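Take a look at this single chain in structure tokens; it is the form predicted alone.
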Amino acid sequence: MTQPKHTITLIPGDGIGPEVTHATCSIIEAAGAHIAWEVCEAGAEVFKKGLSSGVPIETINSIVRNRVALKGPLETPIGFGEKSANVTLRKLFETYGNIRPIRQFSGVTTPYQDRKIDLVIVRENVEDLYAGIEYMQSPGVAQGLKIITRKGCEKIVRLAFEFARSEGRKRVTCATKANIMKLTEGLLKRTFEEIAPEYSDLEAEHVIIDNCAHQLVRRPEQFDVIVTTNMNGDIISDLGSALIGGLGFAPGANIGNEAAIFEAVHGSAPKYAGKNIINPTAVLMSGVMMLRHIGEFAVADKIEHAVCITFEEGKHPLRDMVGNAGSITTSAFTDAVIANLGKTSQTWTPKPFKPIQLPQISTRPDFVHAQESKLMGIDLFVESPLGPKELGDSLSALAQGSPLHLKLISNRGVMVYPSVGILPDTIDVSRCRFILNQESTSLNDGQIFDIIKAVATKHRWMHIEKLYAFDGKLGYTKAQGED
């Protein structure tokens, strides 16, 4: 009985994309995978047609149908389009987990070639600072909102543990900056620590992200799976790829519950397009990840061994993305890998792969509930050229008769009013914290509007945050110097 074929959405991409995806498809087909390709567009040519997303509805519908896509690198040309087509695809399909294996190939010369590096970075892929919510609060002050959610943390933490299980790994390390960003980065740390006991078969540890980066350079072989937030993951995954030879050797997968998009993370390198010199390994190994995702484990193992043997034979593409001189063209490298299919590398040990059990998380927007929520006050961001004392005295007078009083003014996170005797260099946007008076037991929106209107008679305000306590715990951080 003939095995049915998996239909995969194939997006060749821009620049070198068509070359590396062609090489990948040729090897996957030669290895005997049961795949039918559905070729679709996205990226530069789509932008040029006037579609600002860079992703046409035909491509979206294809991924909806097939639920799996393999794509080459896409570019956002200057002067065309708005958002990155890559980001559009990731967010549109809620591919919340970016998985980046960092594994050493024998035969690829690097300063770490004898360290047996074999780790995976699992990066949250849709929130954090990459939500792209930014504002100019004044002509000289920019603000970006760092969005971290319990739902997003739970998804990525569970995915990291499940991925570790799927590859027979032993340890998951959570890397955060929770020592400084105690609410945002701290939310990932707390979620990790709450969920880890459910995976008692795996070791769990937390490390500060800067120490993680230090340790990745110093002793990378100590890591197994690292789970982290979006921007941290973006940085350390590129660091990790440098350890094994560069972005040309680093595959990637964007995993969601409704779709999975497999891609290398290197760029489209248009100046090398059509020259037959580029390294297809990153996209090819992304294709190997795709094969395992759809259950083609034997074919994936066959390709991995063939790639390893090709490198062991000293056969490298002419340009392997790290600038090392190689020996053969892209097409010759592709032919060499195909010729090695069915051979077994003595330096490569496939892992005991099994399907990933994707986490099933509630889709409710109100994912977390508090038994008690108490509104404590507001932070009002005010633009003013006044010094801290003059501004503070003015705001205190404007709050007279309100259930709120001005507790402090902070500037770039440091309390500058009331004075502590030392005045740092200040800017023209201050966070002004108004807190409930002791005799007041509650606060409503009408009273908040009143204090804002009072402040607006003398000063320009541009942003407000309500200050809550949830179940007795403050839902906001204190300024440096605040008691």
Ligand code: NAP
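In this text the structure is predicted, and so the values were computed from the model without any measurement. Residue numbers here begin at 1 and follow the sequence given.
The next section is about a form of this same protein that is not shown, the form predicted together with the named molecule.
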item	value
Contact flag, Tyr272 vs the named molecule in the model of the complex, heavy atom cut 4.5 Å	yes
Partner proximity in the model of the complex: Glu127 to the named molecule, non-hydrogen atom cutoff 4.5 Å	no
is_contact(Asn279, the named molecule) in the model of the complex, heavy atom dist at most 4.5 Å	yes
Partner contact for Leu239 in the model of the complex: the named molecule, 4.5 angstroms, heavy atom	no
Leu10, Thr21 and Pro251 all contacting the named molecule in the model of the complex, non-hydrogen atom within 4.5 Å	no
Stretch in contact, per heavy atom within 4.5 angstroms of the named molecule in the model of the complex, of 334-342, 186-194, 135-143, 259-267	259-267
In the model of the complex, the residue from Gly97, Pro73, Gly233, Gly287 that sits within 4.5 Å of the named molecule by heavy atoms	Pro73
Answer option from Leu404, Leu247, Val120, Leu408, heavy atom within 4.5 Å of the named molecule in the model of the complex	Leu247
Residues of 6-37 having any heavy atom within 4.5 Å of the named molecule in the model of the complex, listed in sequence order	Ile16
